[in-house]
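Next comes just one chain, in structure tokens: the form predicted on its own.
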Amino acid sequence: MRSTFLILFAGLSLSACGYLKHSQPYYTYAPDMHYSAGLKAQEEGAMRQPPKGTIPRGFRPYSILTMDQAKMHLNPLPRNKENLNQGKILFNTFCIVCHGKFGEGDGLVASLKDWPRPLYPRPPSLQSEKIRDYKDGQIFHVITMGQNLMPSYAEKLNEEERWQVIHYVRALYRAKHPSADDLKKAENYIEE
């Protein structure tokens, strides 16, 4: 008795479901969104020109065009432990692949000698006298604009991060080529 009742109830409920289907809803909520006019991305009227002289929020235009102009810019960040540590992290993330752990141009890209032909030429050593003689602004310009096969890192590193990397590059050079004053300070430190 119960089983026939359950079968009859299930049959009635399934047949009733078929009658409740609607091909069109009774009303459309927000018809402008539902039936919107489609515009192609590059179509006239789809892309508006920004007002003249405006720049995106948080964007600072880069106005240095040559290395001679870049010589004039100094590193605005202080050389402290925080900036050096952050510069080290960023160098080890973005630069170590080509320039190597100590900036000698012996990174992973340069060590791919097993290939039938070299994929990339060896990048320049950051330990060279040429780079030592570069002003901080010139290194900043190379990181920002790229040079030779090195692409621009302006998308990957913001302005502050580029200056931190420069502090770390200077620390790498100084660790490899200490001045007499650095050696004297180290000797005093060891004696104490």
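Everything quoted here is computed from the prediction, not taken from an experiment. Note that residue numbering follows the sequence shown and begins at 1.
There is another form of the same protein, the form predicted in complex with a small molecule; it is not shown, and what comes next is about it.
J.: Taking the small molecule in the model of the complex as the reference, which of P50, P31, P151, P56 has a non-hydrogen atom within 4.5 Å?
T.: Selected option: P151.
J.: Taking 4.5 angstroms as the cut-off for heavy atoms, does L77 touch the small molecule in the model of the complex?
T.: It does not: once the small molecule is placed as it appears in the model of the complex, L77 has no heavy atom within 4.5 Å of it.
J.: Under a 4.5 Å heavy atom criterion, is A70 part of the interface with the small molecule in the model of the complex?
T.: Looking in the model of the complex, residue contacts with the small molecule do not include A70, since no heavy atom lies within 4.5 Å.
J.: Any chance W163 has a heavy atom within 4.5 Å of the small molecule in the model of the complex?
T.: It does not: once the small molecule is placed as it appears in the model of the complex, W163 has no heavy atom within 4.5 Å of it.
J.: Is the gap between I64 and the small molecule in the model of the complex 4.5 Å or less for some heavy atom pair?
T.: Output for I64 is no: heavy atoms all beyond 4.5 Å of the small molecule.
J.: What I'd like checked is whether F94, K130 and L157 together line the small molecule in the model of the complex, meaning each has a non-hydrogen atom within 4.5 Å of it.
T.: So, yes: the whole triplet contacts the small molecule.
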